[in-house]
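A single chain comes next, written as structure tokens; it is the form predicted on its own.
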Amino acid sequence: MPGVRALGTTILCESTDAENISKGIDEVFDEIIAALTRPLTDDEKNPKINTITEPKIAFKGTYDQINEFYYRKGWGDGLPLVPPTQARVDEMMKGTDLAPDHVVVKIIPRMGKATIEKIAINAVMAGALPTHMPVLIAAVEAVTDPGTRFDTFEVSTGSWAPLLIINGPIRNDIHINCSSGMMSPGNIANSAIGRALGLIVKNIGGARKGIEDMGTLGDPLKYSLVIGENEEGSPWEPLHVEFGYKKAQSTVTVMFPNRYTQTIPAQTTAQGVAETLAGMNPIALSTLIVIPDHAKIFSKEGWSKERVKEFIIQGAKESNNLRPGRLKDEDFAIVVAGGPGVWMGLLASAGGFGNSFITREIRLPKNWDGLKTKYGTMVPVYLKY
């Protein structure tokens, strides 16, 4: 923002200390008046646009040299990167029928143009496959929708992380882990798609740690937070059908949590599981992860998703843990995911920011069957003991 006059103060972030606030204002009050009244300089009247032209080939060298160069440039996330050679980027772009210079969205704060080619470059760096491109394009569209409050969460001190919930046939096409250990490292689709989105936000959007991304503590969920709904193990309709899509469509649903909790129910009855979910304190926009075993208990005892939500809302009201009208049915997404066991999870967005779940359809390229054949065998095969 050339020409904008800015002053720093000693007032603590979000301070409620009257003495600290008053002292901080007094220290800069004369400077504030001067900044507001001092005539504009010639440079301020005619700010020059700072343009940087990057070469098409950023660097040539060995794998180690490239990683060192990218890290020093601040283009990575602290982990080794796959060098985005032209051949790799061209292969990645086979995952869409859109042109390389097609602008999907502009990403704040720098309003960087997320072209297909730039998305592909970051996808390669993250270790993604061309079959992941359709998901990434839809995810970029969904994440930047105003309804997610990405405008706040990307640069907030609160350290929110984008959660991607994948539904539909593409889960099996690209081997999204929807079962045991789905939030753990180990599956290329879950790991690389989430990592690529983080690089896209940083490198195209310009949200750099401690400069634009002001997360006080940071969040390990930012490395990757991609899950698939275990539709095959669920007795209920899947999330995207609940949101108005057809079961045969593939979608990505986005929200920004900054809290993750997992626990076990005191009793494995519908009432016991529901009471534990309510006790996890989902007082704002929340994704409740119900394992298939618990979903089947609910269904067997006649509990629908709607009844579970109503139970949680009523419990919050009775415990005085809720301002009137604060929690609504649409504030919850109940996702059946995970493997055998007893644990349940909560991904919640602390605070009321007017944000909501945003879903986008994943559009496949004409050559999808060929891509599935080429990359469909990319699955881990563990040795037997």
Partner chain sequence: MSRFIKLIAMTAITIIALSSITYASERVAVQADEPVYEVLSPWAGVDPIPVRGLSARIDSISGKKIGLFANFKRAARPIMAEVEKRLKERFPDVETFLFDSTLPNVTETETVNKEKFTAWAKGVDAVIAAVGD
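Positions refer to the first chain, counted from 1. Rigid core (definition): largest C-alpha set, two forms, superposition within 1.5 Å. Treat the numbers as computed from the prediction; the structure is a model and nothing was measured.
The following text describes the form predicted together with its partner chain, which does not appear among the structures shown.
Visitor: At 4.5 Å between heavy atoms, only one of the stretches 283-291, 135-143, 120-128, 229-237 reaches its partner chain in the model of the complex; which one is it?
Guide: One stretch meets the cut-off, namely 120-128.
Visitor: Should A278 be classed as touching its partner chain in the model of the complex when contacts are defined as heavy atoms within 4.5 Å?
Guide: Taking the distances in the model of the complex, the answer for A278 is no, it never comes within 4.5 Å of its partner chain.
Visitor: Residue-level contact is defined here as any heavy atom of the residue lying within 4.5 Å of its partner chain in the model of the complex; does G341 satisfy this criterion?
Guide: No, G341 sits far enough from its partner chain in the model of the complex that none of its heavy atoms falls within 4.5 Å.
Visitor: Even though the partner isn't displayed, in the model of the complex is F353 close enough to its partner chain, meaning a heavy atom within 4.5 Å?
Guide: Taking the distances in the model of the complex, the answer for F353 is yes, it comes within 4.5 Å of its partner chain.
Visitor: With the cut-off set at 4.5 Å between non-hydrogen atoms, does Y70 touch its partner chain in the model of the complex?
Guide: Output for Y70 is yes: heavy atoms within 4.5 Å of its partner chain.
Visitor: May I ask you to choose, among N203, T148, N167, S224, the residue with a heavy atom within 4.5 Å of its partner chain in the model of the complex?
Guide: For this set of options, the contacting one is N203.
Visitor: Since exactly one of L346, I358, I66, A316 fits, which has a heavy atom within 4.5 Å of its partner chain in the model of the complex?
Guide: If I apply the 4.5 Å criterion carefully, the residue I get is I66.
Visitor: Contact check in the model of the complex: G3, I25 and R38 versus its partner chain, with a cutoff of 4.5 Å between any heavy atoms. Do all three pass?
Guide: Each of the three qualifies.
Visitor: Counting only heavy atoms, which residues in 49-74 are within 4.5 Å of its partner chain in the model of the complex?
Guide: Sequence-ordered list: I49, T51, I52, E54, P55, K56, I57, A58, F59, K60, G61, T62, Y63, D64, Q65, I66, E68, Y70, R72.
Visitor: If the two forms are fitted on the core, does A350 show a Cα displacement reaching 2 angstroms between this form and the one not shown?
Guide: Yes: A350 shifts by at least 2 Å between this form and the one not shown.
Visitor: Do G351 and F243 move together or apart in the model of the complex, judged by C-alpha distance changing 3 Å or more?
Guide: They are closer; the C-alpha distance drops by 3 Å or more in the model of the complex.
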